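Given next, in structure tokens, is a single chain: the form predicted alone.
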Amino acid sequence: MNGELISLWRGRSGGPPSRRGGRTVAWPARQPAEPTARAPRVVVVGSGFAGFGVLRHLEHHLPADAADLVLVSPVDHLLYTSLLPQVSAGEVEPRHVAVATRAALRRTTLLLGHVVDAGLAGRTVTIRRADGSRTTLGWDRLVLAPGAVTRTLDIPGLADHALGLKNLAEAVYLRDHVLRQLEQADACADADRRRARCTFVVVGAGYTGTELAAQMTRFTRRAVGAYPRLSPDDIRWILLDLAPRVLPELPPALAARSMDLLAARQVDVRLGTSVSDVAADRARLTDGDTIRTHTVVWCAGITPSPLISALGLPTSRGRLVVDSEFQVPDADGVFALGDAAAVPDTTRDGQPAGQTAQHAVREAAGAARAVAASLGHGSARPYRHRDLGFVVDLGGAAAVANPLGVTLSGLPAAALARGYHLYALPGRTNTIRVAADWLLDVIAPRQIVQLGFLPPEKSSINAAEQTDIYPTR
């Protein structure tokens, strides 16, 4: 979420000499060009569903000379986060869920780096590049869509020992880490230590945690065939949540069917329970139980990017306050949307829209319309959300869904979930590759190999998500 912007065109008062007939001839001096007005610069922060969508709509609906479009992001792609559990489970290749922004956004200039601060009075943003250097960039319209990071709590040992699942690096590292535990368990003679290596704890039974526990259980039980001293019975996945049921955001009927599918996968679901402290080789639970494990995955919610708190603007539960047309009050030319903004939903009496990909995609169209209107093209409209339902892919033929309020589970829900992902995934190339991954998973065994892209010292949530680079106010 490199380099400087393309410089403004300058007229030249003369040209270079040329050789003609063996002698040097100077071109006549060119008259100074009439100064031309620079097109307004629209800077979008973040390449997630919200930021990517805004630029896509602006490219399609704004005339080419209406604005200079600039994207500032630490990565050069849109990450389709809905499939991260399948990346960890080895069902989908990592690069297939990364949509290249340079290919998808042809009129947009991409600058790689983190926006760590914004000068609203001077209309500039401060960009921190990957090498730690900083530069400033001016803007005429600023669209803040930096997304969210994993929400961590003040639980002893959590920051040092728990793993997250918010980006590609974390998804691939989690898969490597799980396979590493199986390797060490296979080489372990002590039964208790082997059991600890084969025990995996997921905290948070929302969308990500539930999908992860279900899919990784299936993956590890199939993977043990590569380890001669292990059996599927050695594998133990535990799903924790303080809520009274899994998937508390969904209707009770869907949650109940999800529980049945998790039970069929032998996932140990413990509700009304979380972790009270985490160590390298164990997790202590809030009910007093202690679980011997070397793996705790923290999926207990998200919080807006640290950039939002660094701006010093009004927030609501950490999310930037905006009006129904995505404008930040008392900040002329500044818009915000996605996980980092409390966008009022007029269909819910102005309550903030949910922090889901579905909302971010819908908000992107409205925010792009508002930005275009501020430039004199079209008109803005208040944000209205029509809920089309949800899909929860638990791997294989296990899924739950409620399209337009119709409750589905099992194979019909799985087919709907995968069809929806193929429809929602931007980029034809990515769609084809993900579909091919699913087909190969059916007809060929998965490769049980570690990739080793992320060293262990970079695997903590703070390090992997780079949440410590922002100034505090």
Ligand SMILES: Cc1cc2nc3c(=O)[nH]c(=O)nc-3n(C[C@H](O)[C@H](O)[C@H](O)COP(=O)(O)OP(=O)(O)OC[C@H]3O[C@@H](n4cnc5c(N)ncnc54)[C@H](O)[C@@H]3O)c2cc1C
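In this text, residue numbers run from 1 along the sequence as written. No experiment lies behind these values; they were computed from the predicted model shown.
Just so it is clear, the following notes concern the form predicted in complex with the ligand, a form of the same protein that is not shown.
Trainee: Mind telling me which stretch in 60 to 68, 41 to 49, 402 to 410, 435 to 443 gets its heavy atoms within 4.5 Å of the ligand in the predicted complex?
Mentor: Looking at the partner contacts, the answer comes out as 41 to 49.
Trainee: Could you tell me which one of 72, 372, 198, 254 places a heavy atom within 4.5 Å of the ligand in the predicted complex?
Mentor: By the 4.5 Å criterion, the partner-contacting residue is 72.
Trainee: 275, 84, 297, 262: which sits within 4.5 Å of the ligand in the predicted complex by any heavy atom?
Mentor: That would be 84.
Trainee: Would residue 390 sit within 4.5 Å of the ligand in the predicted complex, counting heavy atoms only?
Mentor: Contact check for residue 390: yes, within 4.5 Å of the ligand in the predicted complex.
Trainee: State yes or no: in the predicted complex, is some non-hydrogen atom of residue 235 no more than 4.5 angstroms from a non-hydrogen atom of the ligand?
Mentor: It does not: once the ligand is placed as it appears in the predicted complex, residue 235 has no heavy atom within 4.5 Å of it.
Trainee: Would residue 305 count as touching the ligand in the predicted complex under a 4.5 Å heavy atom rule?
Mentor: Looking in the predicted complex, residue contacts with the ligand include residue 305, since a heavy atom lies within 4.5 Å.
Trainee: Please run the contact check for residue 360 against the ligand in the predicted complex: heavy atoms, 4.5 angstroms, yes or no?
Mentor: So residue 360 counts as contacting the ligand.
Trainee: Taking the ligand as it sits in the predicted complex, which residues of 136 to 151 have a non-hydrogen atom within 4.5 Å of it? Please list them.
Mentor: Contacting residues: 145, 146, 147, 148.
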